[in-house]
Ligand code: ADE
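Before any questions on binding or motion, here is one chain by itself as structure tokens, the form predicted alone.
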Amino acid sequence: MGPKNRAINKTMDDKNQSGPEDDTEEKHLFFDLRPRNFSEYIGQKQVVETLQIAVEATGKRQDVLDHVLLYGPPGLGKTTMAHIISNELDVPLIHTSGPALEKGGDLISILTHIKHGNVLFIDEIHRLPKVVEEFLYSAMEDYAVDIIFDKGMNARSYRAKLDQFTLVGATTRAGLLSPPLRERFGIQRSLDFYSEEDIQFVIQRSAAILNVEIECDAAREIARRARGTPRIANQLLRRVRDYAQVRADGRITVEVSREALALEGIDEMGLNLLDVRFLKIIIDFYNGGPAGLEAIAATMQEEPDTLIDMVEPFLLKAGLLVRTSSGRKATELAYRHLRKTGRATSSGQLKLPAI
């Protein structure tokens, strides 16, 4: 039996062995599909192995883990990994986000209350205000912060020492991090899209936790359309589960999964309505491209950041879109998938059929 199957079976064993006194915790875990330790984590093998070695070495030295930066598209498990690091170290996790830390005082308040070895998790760390980010420099390197009292000629500086801690930063836009901040992370790892096989195991594990009966072929069908992203896979599983309970006998089959996903507007490649609209605008409005992101966003009446974070990563990965110095272009595969008659060329021009 492989480690993935053992993780699935362990989850079911834990559920079956819990007593009445565990009802509250069990009810919480029923809705929490996140793995709680490295042994339960599926996929990202190299990242998991690197972090597992670092955590075990830290425990043997009774030291504090280096600061960790996790980056990659949304939904790949950055937050989950931060919780696992905290669980494996057996220390509390303090969770915040870049936009929530508006002033330096917000960060100082958190840092001065952190205990030795605790994990501070900052999601969307690329959105930290500059004035807040500068407090992190000395906090991460020297475990101290400089606090300024009063102003002008009466200004006084006080250097407050901090307990050693581990900062785990997560971002979808690693390029927006300033070099001084990025270089202070001792461990930097990128999370990539999952394979269909790994996503299938994620779906089977989640179905076991949700106590849903699902066929292997149905799990594979959902995995094919999950865009290589565990978060999307779990979202699709919940929607298919709802459909199976209302329109079928509660058991998820291939046919039930296809009907449910078609109702959700998810096609065979996992493209949703926003993805299809994005590609069709490039093809129909801009002759296949190249087209600037701002122009596409204005035509779609969407924010450019929404397209960058939610749409483009998977389209690029799937080979449906290319980014050039002139803008975005739809590929031959995009034309075939959308059944468009025109064809994209290497020059970006279209060979349209004769009228």
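Position 1 is the first residue in the sequence shown; the rest follow in order. Note that the structure is a prediction, hence the values are computed from the model and not measured.
We do not show the form predicted together with the named molecule, though everything after this point is about it.
Engineer: Among the candidate residues S86, T172, Q204, N234, which is the single one with a non-hydrogen atom no more than 4.5 Å from the named molecule in the predicted complex?
Structural biologist: It is N234.
Engineer: State the residue from I42, V311, I296, A318 whose non-hydrogen atoms include one within 4.5 Å of the named molecule in the predicted complex.
Structural biologist: That would be I42.
Engineer: Residues in which of 32-40, 62-70, 296-304, 322-330 have heavy atoms within 4.5 Å of the named molecule in the predicted complex?
Structural biologist: Result of the contact check: 32-40.
Engineer: Within 4.5 Å, heavy atoms only: does F121 come near the named molecule in the predicted complex?
Structural biologist: Flag for F121 set to no.
Engineer: So in the predicted complex, does any heavy atom of F185 sit within 4.5 Å of the named molecule?
Structural biologist: No, F185 stays farther than 4.5 Å from the named molecule in the predicted complex.
Engineer: Quick check on F193: any heavy atom within 4.5 Å of the named molecule in the predicted complex?
Structural biologist: It does not: once the named molecule is placed as it appears in the predicted complex, F193 has no heavy atom within 4.5 Å of it.
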